[in-house]
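Considered here are two forms of the same protein chain, supplied as structure tokens in two stand-alone entries, structure 1 and structure 2.
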Structure 1
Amino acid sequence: MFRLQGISASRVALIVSVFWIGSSANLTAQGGDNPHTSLEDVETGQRLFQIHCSRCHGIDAEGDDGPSLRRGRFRRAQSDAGLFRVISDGIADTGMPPIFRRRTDESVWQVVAYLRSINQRPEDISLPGDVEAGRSLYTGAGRCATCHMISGVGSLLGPDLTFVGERRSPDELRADLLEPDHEVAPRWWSVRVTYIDGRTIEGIRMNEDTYSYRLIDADENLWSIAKRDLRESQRIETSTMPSYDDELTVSEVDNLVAYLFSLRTRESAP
């Protein structure tokens, strides 16, 4: 590629086109959808993102000092126009600055187009499963509430699932059900302790310091255990959640995934 004083030709073309279109058209975001969504716009948006945003949000927007921008939805914006505003103005009183000073509307829209390309809106995702069938399986035969809590009902032996559709994609939810031992967060590791007299207790580690453990066992009893009373202790890094690979049919898994994915804040629910 030929270079002009160290700047690549494509960069010059980019800068020229951004100024040209940006200054001649008044595209300020007033509720409208993004007028710049071609593949080239997405690619330019990605380049702009890498230059201006990646130092805080990570090179692929997966998050660093700033939050991940790949979670399927944004806390601070619902619409394209909302994203436009967040990116051009920044977010007051947070570490999120306005985009570079000489921004044009077009360049902001291109960044929006890039962010949309890596995030599908939940309402645009259609899933094979049935939400209501998933809900009855969850509360009934699935016995999921023996470990999980939804809206204050259930148990604390697993993560609260009230808003699980916000943090997990449908594929991740499927993996949660079929391969629970894959990437278990330390918060959900268990410990099996053996006292000097031979008694054993096993439970999820609520807390640990130099001298003691606090464990919650499968019956939801809480145990405070002094390490000096123990003969040994063994850390278990697998999940206490059983795999449902052999337990559930394909369509039952689909239904559970559809139900779990629907568990989001009311504003984004269908």
Structure 2
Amino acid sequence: MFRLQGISASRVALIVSVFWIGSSANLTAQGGDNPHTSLEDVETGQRLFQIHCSRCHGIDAEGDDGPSLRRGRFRRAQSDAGLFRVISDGIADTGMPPIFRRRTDESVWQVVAYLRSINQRPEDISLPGDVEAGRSLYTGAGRCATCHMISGVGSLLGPDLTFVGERRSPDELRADLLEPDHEVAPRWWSVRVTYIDGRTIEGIRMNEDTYSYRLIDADENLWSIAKRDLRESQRIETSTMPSYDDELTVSEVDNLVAYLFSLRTRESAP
């Protein structure tokens, strides 16, 4: 996935100018089909989304103050033209405002293209793996529940996977399994601290402020640590999850991806 902080200031300025200034200021939806669906359109739409929409919907559209937009369906619009109108006009009497007045049709369609790219319906995606075999692998030899939780069963040492199929595409899930360091959210960074007396503790950073850390260690013990008692601390931005690249066969990875992608709610996104 792209990250906003990875875009240069000049690139952001260019994207903003494309979004706000254009030959067409009239954003009435032009028919039912999106005319801007190339890979380049999707990538531009993602960057535009991160600039203009992520404050409410999260940097990866997973939800924040606003709802997640990765659940496969949209409650208020199903067609591309409907999404175009929602993005352009907002939704009355809700927290969803319209996109600001000066922008182009093309840029709105590009945001629509990005949202479509992350919301392919599961029934439209053909996966080589077997869901039930993946479920058995998750609970058995894969040892996934030693770090992750599904529907209240498992551990707190990694992300809750109850609805992971809504947040991650099959390709993203595969990358999570094979290259866990490729994208580690700050929520899952670790910290290794050394007390003045030489004792060390390492754990997932649950919280940090000016004066203290709260860590959870590999045994799920919760530590509250005053920074004034430390000799040093080291932030670790790699994942605590091991790579399955050399642990599982190709078919086993396929099965595990199929199972994880099946973990979705039955409800549509708002």
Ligand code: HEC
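Take the two forms, find the largest set of C-alpha atoms that superpose within 1.5 Å, and that set is the rigid core. Everything quoted here is computed from the prediction, not taken from an experiment. Every residue number counts along structure 1's sequence, beginning with 1.
- Structure 2, not structure 1, is the form predicted on its own.
- The Cα position of Cys56 differs by 2 Å or more between structure 1 and structure 2 after fitting on the rigid core.
- Core-superposed comparison between structure 1 and structure 2: the Cα of Gly203 travels less than 2 Å.
- Relative to the superposed core, Ser38 shifts its CA atom by 2 Å or more between structure 1 and structure 2.
- For Gly90, the CA shift between structure 1 and structure 2 after superposing the rigid core equals 6.1 Å.
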